[in-house]
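Read the single chain below, which is given as structure tokens and is the form predicted alone.
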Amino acid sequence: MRVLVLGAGGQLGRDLVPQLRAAGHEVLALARGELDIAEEGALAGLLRRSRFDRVVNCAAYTNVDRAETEPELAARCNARGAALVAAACAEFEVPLCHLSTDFVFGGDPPEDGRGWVESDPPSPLGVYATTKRQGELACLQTGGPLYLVRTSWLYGNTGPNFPLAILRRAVAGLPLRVVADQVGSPTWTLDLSRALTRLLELPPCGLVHLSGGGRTTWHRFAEEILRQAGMEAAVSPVSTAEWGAQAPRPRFSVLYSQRWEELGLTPLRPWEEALGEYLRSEPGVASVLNRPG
């Protein structure tokens, strides 16, 4: 297949592009500065000139707190940009894979304690979550062939991300205060990239949840990062209210994929196992810890 990856310079794009190429696909990888998805006609012009079998939109405005004071910028990328990408792909009948987020679920967790499934109604909180949901709706409303993939708590080799931030603070001897009342599923971008590569080889299947296996809190995630990295540092638990972030966060954003099961695909491995390989193998981690990569 010939695949166009938008937002290829971000955490996910940096892992996805090599995974697609390793699977034998031809990839055109475009970072934000090479194609502005919110520019009218930008993607449509490219699709008019070149043929692609899949388009993957990893481009997004992801600074959750800053979005509260920059709503226009967040909406420009997450809502308008997503709508233009979806419209262009539908016009040229190119299947689109659009990446979205667990943040669209801001309500109380399901009563049975399971994770959010694809059929659960979203309830976004804050500017970031709202604009991402607007982007989802724009993709769905075009009626074009679509993979709409929600994921959660992403981390990879490049920052900013949670594991690297924890390690940097621990190395510097800085205090670690971490929220203990938000529950979700950490997801390594390499694991997600492998799953996306497999998904893109199947016919478009609509909405799919894809996150690391299991669930945890940010506080326990931090403790596990330090434990597996062989570092000793105290991690103080705090509440969401005590942390006082500018933007609201979901208290429960565990994603469960009924669709992935229906497709007969292997779920992503437990988050603890993925974290271990990440800490052992990623150059970014080695750089923080000043050990050979």
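Quick caveat: nothing in here was measured; it's all calculated off a predicted structure. Just count from 1 along the sequence shown to find any residue number.
The discussion below concerns the form predicted together with a small molecule, not included here.
Student: State yes or no: in the predicted bound form, is some non-hydrogen atom of residue 38 no more than 4.5 angstroms from a non-hydrogen atom of the small molecule?
Tutor: Yes - in the predicted bound form, heavy atoms of residue 38 and the small molecule come within 4.5 Å of each other.
Student: Report whether the minimum heavy atom distance between residue 275 and the small molecule in the predicted bound form is within 4.5 Å.
Tutor: Judged by the heavy-atom cut-off of 4.5 Å, residue 275 is well away from the small molecule in the predicted bound form.
Student: Find out whether any non-hydrogen atom of residue 32 is located within 4.5 angstroms of the small molecule in the predicted bound form, and reply yes or no.
Tutor: Yes, residue 32 sits close enough to the small molecule in the predicted bound form that at least one of its heavy atoms falls within 4.5 Å.
Student: Quick check on residue 225: any heavy atom within 4.5 Å of the small molecule in the predicted bound form?
Tutor: Flag for residue 225 set to no.
Student: Quick check on this chain: which one of 195, 89, 154, 166 has a heavy atom within 4.5 Å of the small molecule in the predicted bound form?
Tutor: Going through each option in turn, the one that passes is 154.
Student: Is it true that 7, 58 and 101, all three, sit within 4.5 Å of the small molecule in the predicted bound form, judged by heavy atoms?
Tutor: Yes, the whole candidate spot contacts the small molecule.
Student: In the predicted bound form, which of 21-29, 278-286, 8-16, 265-273 comes within 4.5 Å of the small molecule (heavy atoms)?
Tutor: Stretch 8-16 is the one.
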